[in-house]
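A lone chain, given as structure tokens: the form predicted alone.
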């Protein structure tokens, strides 16, 4: 056998072997009337572990290329070159070669654990169901007439809802806009995806906060962008860092979550906000403002959004109802210059032909109702209680072993571990004890941090979750 595995290649040896055999089947190097080499023979010939050969044959068998029968050895499947000439695609190869990158393995693991096991959930960035205005939404559905169309709606979203959002953002966020400058999206995630895909090209340099939620999103790398990071401190990012990055790399776009930032909970200082807008205007760099949390201030103080301070049209503003009403509604929006909104709207049409009219109707009626104000007041009150509980629990069970910034709004607490610890092992030990959270390395460059989210569990579960985490921490 002339072929040898490349031990320096990044691709696993069993995959190399599987591809070699598959190509040999295709070109006739391995004839269909003879058994394939035995696992023991290949292991000896190639000087690899027998388990590696087994893994290669497992993959070929799962793709329908070979059959294994005890006593008869391994043979090529007759369905490949037989009368039917049918062949199963190598789906694994397609999966691995797609242009849209998957989530980080640890992110996939966390989501799987949350779905498949009953854990105290300090990882999920959504509200618990008892914080949803379920009774109010049920009343809208049961007592108010649906007067919309069940056909395709306006490409930018239902006009009535866009009118309501126009009034909503003017009242609650001091943003002046009009319905033609709004696009309804399936939450903020789709909004970010549309911006990246439509307004940037491979090789463009973009500035992201570090740490940030955006750090773990595959959309930036999938689009071939070059991300550069702006460190976040207690007052948010430093505009001087942004200027320095722009001089070196010609930043094409800035992505910011300035109000109760995910994951740090920090608030971008007003002076820094002004400076960022000045730099944006001076250098013509668009700012993408992601604002899920500005209505959750525990102090009651109104915090101006970047968009409300934007006098030149440099800010694309993204928000949604996911973090303040219900994530399942999938109602988000982008506000920006009309030509940009029309471009993004056109792209959204290619993806889903526009947003579902039924959930737009529900969202519109809830935003217009008197209940919205009382819901937000109660939501903020409950979130503050949960924040206070997680702070109390951390101080009780971990004392000086952790440090954290005290958020004045939002749903996240960013925690620094004052101990050099294996974060993979810590996560595994925590999961064994029935609690899950997000390791900081999935959201930034530095290790030794953790994001606890306190919106998904009540105070009793938060306390028990931190207790279990402390047990895991102390066991390592």
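Residue numbers count along the first chain shown, from 1. Worth saying up front: this structure is predicted, and the values here are computed from it rather than measured.
Below, we turn to the form predicted together with a small molecule, even though it does not appear here.
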Contact segment among 189-197, 390-398, 152-160, 137-145, judged by heavy atoms lying within 4.5 Å of the small molecule in the predicted bound form: 189-197
From the list 273, 386, 330, 307, which entry has a heavy atom within 4.5 Å of the small molecule in the predicted bound form? 330
Which residue, 262, 364, 280, 303, has a heavy atom that falls within 4.5 Å of the small molecule in the predicted bound form? 262
Could you tell me if residue 125 has a non-hydrogen atom within 4.5 Å of the small molecule in the predicted bound form? yes
At the 4.5 Å heavy atom threshold, is residue 322 in contact with the small molecule in the predicted bound form? yes
In the predicted bound form, does residue 215 come within 4.5 Å of the small molecule, counting heavy atoms only? no
Would you classify residue 133 as touching the small molecule in the predicted bound form, given a 4.5 Å non-hydrogen atom cut-off? no
